[in-house]
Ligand code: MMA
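Shown next as structure tokens: one chain only, the form predicted alone.
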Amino acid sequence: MKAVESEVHDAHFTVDKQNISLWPREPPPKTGPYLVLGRCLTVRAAVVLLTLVLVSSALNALGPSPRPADPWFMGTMSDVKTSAQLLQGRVDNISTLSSEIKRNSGGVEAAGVQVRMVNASLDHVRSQIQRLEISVKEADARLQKLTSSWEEVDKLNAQIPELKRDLDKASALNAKVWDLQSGLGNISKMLKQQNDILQMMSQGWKYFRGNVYYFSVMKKTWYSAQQFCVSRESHLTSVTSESEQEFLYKMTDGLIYWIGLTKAGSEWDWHWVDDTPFDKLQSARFWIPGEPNNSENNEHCANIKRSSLRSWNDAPCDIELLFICKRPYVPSEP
């Protein structure tokens, strides 16, 4: 707009030796782009119209002028028309410029809105940056803590070999303690077992390899002897091995004792009364040579008759003899 105003020249000319100016040489003070343009346009248009009216009135008042003055007047009018045309062009230019300024004002306002939006975005970004800076500071503090923690971990790692050695020693000691505890437990069981055995021995029972045996001091028939044993939670003894046979015949010391071997009630097959399986092949080594002979077809029960490995004899079940009861050893309640 300053460029346009600098191109506009003052329209100044003389009518009847009087200086006439279409607008002042100095422009009025600017109060705003749109206000100044509007005022300039209005003032200049008014001055041009007023000048034309004054010129027309002066011509009518003077009447026909002498011919020598016609060329001057025509030149003056030509200058006025030229100035008016220039003025009209400037006015058109100013109008066009005003329209462009009005159109651009919308863009300026839109740009202002965008600037405000950008400023708001920048404020949001700045706040995010501040939060990130705070987070970075917190992360740095945590990193320092972790660094110190890792230093402690390194110290602990350096102590690990020594701790392992101590742990190995503790494990060895623990194993020894377990062994001692196990040994003490076994000793405790043995002592308890010995105590139980001593109590049973005081009642006439003998212990051998997990079983206890009662050697009677009174004589009974085989059936009565079995009932007596049952009343003591036992049965007439069975024999399951050579070692047990040896234990029994040594304890009888040559006296005759009923054992739990019979063939009564079983279709005349020998069997143990406590339901122990009867090993006929093994038991063949324990009979006295020539036994069992079932003399008079009435010898259905067996006894130990001699103090030797081959000591079994069959005899009538209703004769009275000493007898041997047998039951498994069961530890008493603690």
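Everything quoted here is computed from the prediction, not taken from an experiment. Numbers follow the displayed sequence, beginning with 1.
The same protein also has a form predicted together with ligand MMA, omitted here; what follows describes it.
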| property | result |
| --- | --- |
| Residue contact check: H300 to ligand MMA in the model of the complex, 4.5 Å heavy atom | no |
| 4.5 Å heavy atom contact, Q282 to ligand MMA in the model of the complex | no |
| 4.5 angstroms heavy atom contact with ligand MMA in the model of the complex for D274 | no |
| Residues from 275-293 in contact with ligand MMA (non-hydrogen atom within 4.5 Å) in the model of the complex | E291, N293 |
